[in-house]
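Next up: a single chain in structure tokens, the form predicted on its own.
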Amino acid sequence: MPAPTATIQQHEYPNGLVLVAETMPGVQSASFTLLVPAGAAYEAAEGLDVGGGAATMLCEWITRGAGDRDSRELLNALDDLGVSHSESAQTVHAGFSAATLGANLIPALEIFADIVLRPRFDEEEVEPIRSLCLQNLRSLEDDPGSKVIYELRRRHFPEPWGRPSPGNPEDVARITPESLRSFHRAAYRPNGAILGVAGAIDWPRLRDAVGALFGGWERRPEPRLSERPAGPRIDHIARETQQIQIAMAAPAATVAGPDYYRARAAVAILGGYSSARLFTEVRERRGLCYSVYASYEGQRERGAMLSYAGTSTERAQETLDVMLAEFRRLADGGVDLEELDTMRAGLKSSLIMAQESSMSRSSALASDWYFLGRVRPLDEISAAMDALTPESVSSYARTLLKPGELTILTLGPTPLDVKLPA
């Protein structure tokens, strides 16, 4: 008898909330990921007087008491259900994720409906939250690797799409409870929100329960965002550190674009696994640094290849030069079949492992729906990976380093001499 297969269902409620769910045979857990279009970018919406860090502060505040429960009662209720959960504000979304036993899924959703729709907004919680956010910002100063990536994104993506979600100390210090409430009223809306659910679920019961819990969430106008140029493209942040941090960004294909899989392959071959080019050339052969990588970031209207290395001040110039040389080699010389097969095997393994986790799957459901308006079956992804050839990836790699579009940021005691590709 054939094994049961996963089933994907979708429903859009009258208020615009989209539910995407997948039944996963053989698992007892159930997980959900709720994406609300209320991330750091919306701090810059017209008519909102909030500063950087407001999305993060609000995300923390609404979890400190909601509905009939105060902060302690809410945490106890989640613990009693065995719910593992996390909440965070990213660039576009405020995200709420939870995993529990399938039997406890709907009671967990009931609690999160209170969190999102009916936060208590106890003002005595604001100062402890502000203190935590300021501590986080101070800790970033002690983590220059993370700091340089935040600042690279700010310079590479147009404002407000490169906004760091932690904000900045000046803005966090002046955010008021009323400005956070205003941000909640304006940005937290069902139209544009996506709920991905995966695991041991009963679809009709889930669909009806979500409708009952979130159906009263009223539509709101989408906040207006004005896009502004970022930059500068080449920059240095002076810090008296023992190392120099090097970060680079280049435009890449979007998630929905026809070149998406070729972009992911090119970025991975450059620096996405332990035998990738940057790791091999910069770390293994030359011993220039311990940490070096390249990764892909997708936004709806744009994508980017991000690259990073942290090295000593004495070897920083050589590290930067070698990284740029590897960028050129990828663009000029393309890729070969062996490294393409290595990349393909690694990506397929990670996809299969993610399929076996209800938490990873709920996140993938919500993400696919946001970017594509549908869910990609695993077979489709696998077939797209199999269709890649050295020639197709090499052809795409030649487009990665367009003149004037590479952003380079260094952080440390002295700036470096940046020799951009012609």
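Computed from a prediction, not measured in an experiment: that's the story for all the values here. Residue numbers here begin at 1 and follow the sequence given.
A second form of this protein, the form predicted in complex with another copy of the chain, is not displayed here; the remarks below concern that form.
- Shown without its partner, this chain lists P204, P232, G287, G333 as candidates; in the model of the complex, only G287 has a non-hydrogen atom within 4.5 angstroms of another copy of the chain.
- The contact with another copy of the chain in the model of the complex, taken as any heavy atom within 4.5 Å, belongs to L101 out of L101, A173, A209, L225.
- Each of R138, D143 and R283 places at least one heavy atom within 4.5 Å of another copy of the chain in the model of the complex.
- Of the candidate stretches 155 to 163, 248 to 256, 309 to 317, 179 to 187, only 309 to 317 has residues with heavy atoms within 4.5 Å of another copy of the chain in the model of the complex.
- Heavy atoms of T241 reach within 4.5 Å of another copy of the chain in the model of the complex, making it an interface residue.
- A residue is said to contact a partner when one of its heavy atoms sits within 4.5 Å of a partner heavy atom; L132 meets this definition for another copy of the chain in the model of the complex.
- F121 falls outside the set of residues with a heavy atom inside 4.5 Å of another copy of the chain in the model of the complex.
- Another copy of the chain is not shown here, but in the model of the complex it comes within 4.5 Å of a heavy atom of D79.
- Shown here without another copy of the chain, the chain has T56, E60, R64 in 53 to 70 lying with a heavy atom within 4.5 Å of that partner in the model of the complex.
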